[in-house]
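To begin, one chain is listed below as structure tokens, in the form predicted on its own.
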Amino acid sequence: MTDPDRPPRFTRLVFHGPLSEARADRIVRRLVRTGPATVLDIGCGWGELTLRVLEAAPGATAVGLDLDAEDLERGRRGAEARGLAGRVEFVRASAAEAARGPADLVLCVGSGHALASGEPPGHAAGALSKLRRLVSPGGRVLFGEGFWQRAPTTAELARMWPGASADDHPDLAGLVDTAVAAGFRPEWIETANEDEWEEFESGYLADVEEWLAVHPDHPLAAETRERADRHRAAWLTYRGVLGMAYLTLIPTP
């Protein structure tokens, strides 16, 4: 559903992150090799990746957890349209508080901060520790998490998100080491490329930019324009600096 008094929301995005359809398809094929029967998606948004897993793993069932009611409703509509409504439940719940799992496959993409209470970058260790307890023996975890591709400068940090710090993320090696220390072996390590970042960030703002061009004098235009300009300035600053890793992890005994 759309509200005529505000910009459409994320209609140009397939995934809520820098993830191409080609990479998503490769990830899904890898994740279903073990024949998962149960899937848990933490911070699922509208659950596009989970729906693709269910399509590739007939008979599997899934639970998606998120706090955004609008995203969850989009997920339910998507499941219904694809004939998957009877196999997935979208639940409005905090990832940190919900008593769910263990599951054969656990997805946590861009939501590690919601699973652990520690300050960055320590939240990754806490999130991975909890994920280790949520995955069944022999299962898989897909952990999507930010990392610094290179150390950001002080000037760059000042143009990113409010309070941005060099301590907000580890480098890739540090992130993988944290996963190993939490009780995993990394089956696959991959990172979003520049095209995926540009597709995501442009798609993130496209609805808003189109709406602003048509409604320059709308009562919400000034606030919306400021928010969009601030977001664009941030991502053009962290472009090539902030990375997104997708780690396919196997729990160790």
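Quick note: we count residues from 1 along the sequence shown, nothing fancier. The structure presented is a predicted model; accordingly, all values stated were derived computationally and were not measured.
One more form of this protein, predicted in complex with a small molecule, exists but is not displayed; see below.
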Residue stretch of 181-189, 22-30, 36-44, 212-220 approaching the small molecule in the predicted bound form, non-hydrogen atom distance within 4.5 Å: 36-44
Single option in P170, G139, G110, G126 placed near the small molecule in the predicted bound form, where near means a heavy atom within 4.5 Å: G110
is_contact(L65, the small molecule) in the predicted bound form, heavy atom dist at most 4.5 Å: yes
Partner proximity in the predicted bound form: A93 to the small molecule, non-hydrogen atom cutoff 4.5 Å: yes
Distance check, D104 to the small molecule in the predicted bound form, heavy atom within 4.5 Å: no
L84 within 4.5 Å of the small molecule in the predicted bound form, heavy atoms: no
